[in-house]
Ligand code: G3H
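In the block that follows, a single chain appears as structure tokens, in the form predicted on its own.
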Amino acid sequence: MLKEICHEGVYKNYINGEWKLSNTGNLIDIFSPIDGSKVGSIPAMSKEEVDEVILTAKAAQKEWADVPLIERAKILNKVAFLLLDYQKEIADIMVVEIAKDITSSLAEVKRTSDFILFTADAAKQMRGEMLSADAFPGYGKDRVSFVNRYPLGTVLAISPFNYPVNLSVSKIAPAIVAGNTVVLKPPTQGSISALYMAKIFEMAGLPKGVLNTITGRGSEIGDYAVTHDSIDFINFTGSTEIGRHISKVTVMKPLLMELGGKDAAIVLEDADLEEAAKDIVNGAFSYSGQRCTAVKRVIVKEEVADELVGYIKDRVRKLKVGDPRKKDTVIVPLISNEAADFVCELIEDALDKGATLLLGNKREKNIVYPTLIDNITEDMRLAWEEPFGPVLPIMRVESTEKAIEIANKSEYGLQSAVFTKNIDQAFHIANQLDVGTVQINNKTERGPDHFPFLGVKASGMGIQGIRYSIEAMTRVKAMVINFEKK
């Protein structure tokens, strides 16, 4: 596989069924967060090259849409099984490129395969409908409407570094099974993993032009791509800052975006505290907290705070820190030194303002050790800003009403978790939380992938989840038949 997509350490882009280097000769070097070693280089494409790729995808779309759905689904099924054949190879690249631990990297490829299989089946279950005019006053039975779904056209998929395979495919698979073509802009750090994944689509027999990739600096080609007249839909996962910018520069263009989060775990006095601590630590620290759906703050009732914190502290102490290539490593190097700098800034701000350090606040290059901070107050940045790192702030409250108030005060609204044995209370709180999803007695997380996944406020636009994503990348078209009146 490597020989076809890489030449002397430079990875090629997949364009119209061929693997090509950029004509510019400009490269972006990719260095491993683990040890700084060079993983490879990717082309920094020009706007002219991006234009060519987008037009290629546009030209291929009509023919692809005419391919029967069953044939499109068969290709997806081949992709799913090929991913399993190359699971270890792709996971090994991911480990080195983004420092994701090997267990999570293998799981990401497996989950992606499962996602594709479910998507292929879900697309075959999509149905149109027939409406009769006589259901509305003033009309008779001589008019009916056939309502069906049609592809939007060409989709621009922009994926993040933390799930370069899964969150690329979660955009690609629903798009192409619905009859769209795709231009994938993978993350700079994560591009190599995504290009390996794109090779799998080629191996499965996907026709030329249906899936294409572009690599380069977002500052140079990003605006050009998202505002291109031949892009009909944008599916973006990334920071709220960039998401807001995309929404401003794209006019009358449909968007599906997952952005930042500040997911709160609300723990009530009747919760199973030991189980809650287990879920919270898992949710907060896996892949060093570099996940939008990570637990990013705990809001706990004062009367059980000490006991809960004790359980959390015991579990955080046991987290393995170090090389993601080694089994059971949970706390891995952050994606960059800049990311580690930001996490440490938030920690220092909290400590300067009187928070209590329980564990951590230790750094080795871009490894930040798991950090637990108690007595976080509303004047501290950690109460509101998303660290995207292995730090968990604890906020103590006197009442359930205050917990809800603090949770809703965030600009983000991705998910929240509520831990309680009182299901009536859980529903009462869930109904008041201004988020896309409320997890009851479990950590915040994405999935299963056929569940709806969405954010409100600064956490996103639109609904993802397999069926919902297919619907988002299609449009309703009605054909009205007027029969001869008798």
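All values derive from a computational prediction rather than experimental measurement. All residue numbers are counted from 1 along the displayed sequence.
A second form of this protein, the form predicted together with the named molecule, is not displayed here; the remarks below concern that form.
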| query | finding |
| --- | --- |
| Heavy atom within 4.5 Å of the named molecule in the model of the complex - residue from Asn235, Thr371, Ser410, Asn162 | Asn162 |
| Listed residue (Lys253, Arg111, Arg396, Lys199) with a non-hydrogen atom within 4.5 angstroms of the named molecule in the model of the complex | Arg111 |
| Candidate stretches 444-452, 47-55, 31-39, 417-425, one within 4.5 Å of the named molecule in the model of the complex by heavy atom | 444-452 |
| Interface membership of Leu167, the named molecule in the model of the complex, 4.5 Å heavy atom rule | yes |
| Asn366 within 4.5 Å of the named molecule in the model of the complex, heavy atoms | no |
| The named molecule contact in the model of the complex: Cys292, any heavy atom under 4.5 Å | yes |
| Stretch 219-240 - residues with a heavy atom within 4.5 Å of the named molecule in the model of the complex | none |
